[in-house]
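Only one chain is included here, represented as structure tokens and corresponding to the form predicted alone.
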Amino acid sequence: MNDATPVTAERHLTSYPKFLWRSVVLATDGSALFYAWMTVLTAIALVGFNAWCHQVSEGMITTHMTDHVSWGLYIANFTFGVGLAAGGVMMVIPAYLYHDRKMHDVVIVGELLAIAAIVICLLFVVADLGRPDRFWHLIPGIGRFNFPMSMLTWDVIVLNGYLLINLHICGYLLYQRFLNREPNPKWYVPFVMLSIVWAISIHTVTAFLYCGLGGRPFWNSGLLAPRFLASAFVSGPAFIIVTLYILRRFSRIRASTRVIETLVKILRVTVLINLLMFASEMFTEFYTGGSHASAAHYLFFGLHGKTALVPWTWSSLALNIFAAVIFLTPRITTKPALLIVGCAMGFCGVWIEKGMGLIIPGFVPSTLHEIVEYTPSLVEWKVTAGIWAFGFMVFTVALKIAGRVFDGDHRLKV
């Protein structure tokens, strides 16, 4: 027994580089369709990287952000990305809190989505900084933090913490499956439970970052954090449903119908809660009136001939309502094509609501009651497309590795 232990330990230590090498092999080996998909994403990502380099070289003047509207498309996508990361936990809650064995098979999809979404969020923060060399200030333990008073400090801590938690969970489960071993629950179940609480915290802290700004009355609402969570639990499950159907079609990962039905049940509730909270906010804004309601008036109807956000707002509202109708109609949700359309509508509706419909009107009118409109520049759109393309690349590669390992391919025999 004593002679066998060192051999096993030695094999265990040498398995790490083999696991990493095998992951690289799995990530770069695929069908012609996989190569075509990754080529398109790489091309878009490179266009975005070129635009970002131009932005760094020329300065933030290449964007359409100003002193009046200092947060634009980048922070809008950052806010949505945080919600998408938090929404990935909806796979974890039924799997571990309610012991749904079917959800256990695909819970890794939600965890990998959280990792890719956090990567997207961090890249949007870097793009918005203007000076990438200042990013080190955002790294806990290295940067100088105004802790605990600064909500931005809390946001940095919870985002980085959530990324590390999900990397540990996914890495440990994949590595143990790669070794053809049963994972030890004490090494991942506590972190899974922690990720549930942490997922709620990342979006709550982000909401507090906005509603804590007293000079921006459009964000000064006690409902902002619950609205963030409700919309996150729409976009996350909707994206996961579409992902599961794609995996059914192009991979060997087969999520059961019961898993999709569980996610649809979640959407039926969260999409209504999101609409109810939105209606409550708008009732308060329009019924009470006053100067603080000017941002809401600009958002829906425009002010003094300025109507840049009006098409965005009504499009978001229409998409969310149509998505709710689809999710609440059982006969429609049994048809995959229509369900995917509903998920796409809900996803896009929340993207607009959390982005152009939330961040921009917080700055219009300005604190000096001036109306300075904002529309993203071409550079901003290119950078945004490039970051999303890179995020999809991370998600695709992660799913590819996870799918092959969980299928039993290329397991390491030790």
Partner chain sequence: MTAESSTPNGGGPDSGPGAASGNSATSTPPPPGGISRRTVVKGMGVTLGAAAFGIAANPLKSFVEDLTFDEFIQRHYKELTNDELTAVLARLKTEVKEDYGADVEIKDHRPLKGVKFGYAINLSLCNGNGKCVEACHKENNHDRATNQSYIRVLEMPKGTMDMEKGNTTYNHAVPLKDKYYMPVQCLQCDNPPCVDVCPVQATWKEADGIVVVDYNWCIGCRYCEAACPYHARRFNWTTPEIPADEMNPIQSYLANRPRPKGTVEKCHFCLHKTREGKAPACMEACPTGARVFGNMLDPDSSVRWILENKRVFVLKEELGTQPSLFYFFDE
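Not measured: the values here are computed from a predicted model. Residue numbers count along the first chain shown, from 1.
The form predicted together with its partner chain exists for this protein as well; it is not shown, and the discussion that follows is about that form.
Under a 4.5 angstroms non-hydrogen atom cutoff, its partner chain in the predicted complex lacks S377 among its neighbouring residues. Its partner chain is not drawn, but in the predicted complex it has no heavy atom within 4.5 Å of A402. Not displayed here, its partner chain is approached by F363 to within 4.5 Å at the level of heavy atoms in the predicted complex.
When its partner chain is considered in the predicted complex, A337 lies well away from it, no heavy atom lying within 4.5 Å. Heavy atoms within 4.5 Å of its partner chain in the predicted complex are found in exactly one of 328 to 336, 171 to 179, 224 to 232, 69 to 77, that being 69 to 77. In summary, among the residues H104, H137, R248, K265, the only one with a non-hydrogen atom within 4.5 Å of its partner chain in the predicted complex is H137. In the predicted complex, every residue of the candidate spot (C53, I61 and S150) has a heavy atom lying within 4.5 Å of its partner chain.
For the stretch 117 to 136, the set of residues having any non-hydrogen atom within 4.5 angstroms of its partner chain in the predicted complex comprises D128, L129, G130, R131, D133, R134, W136, in sequence order.
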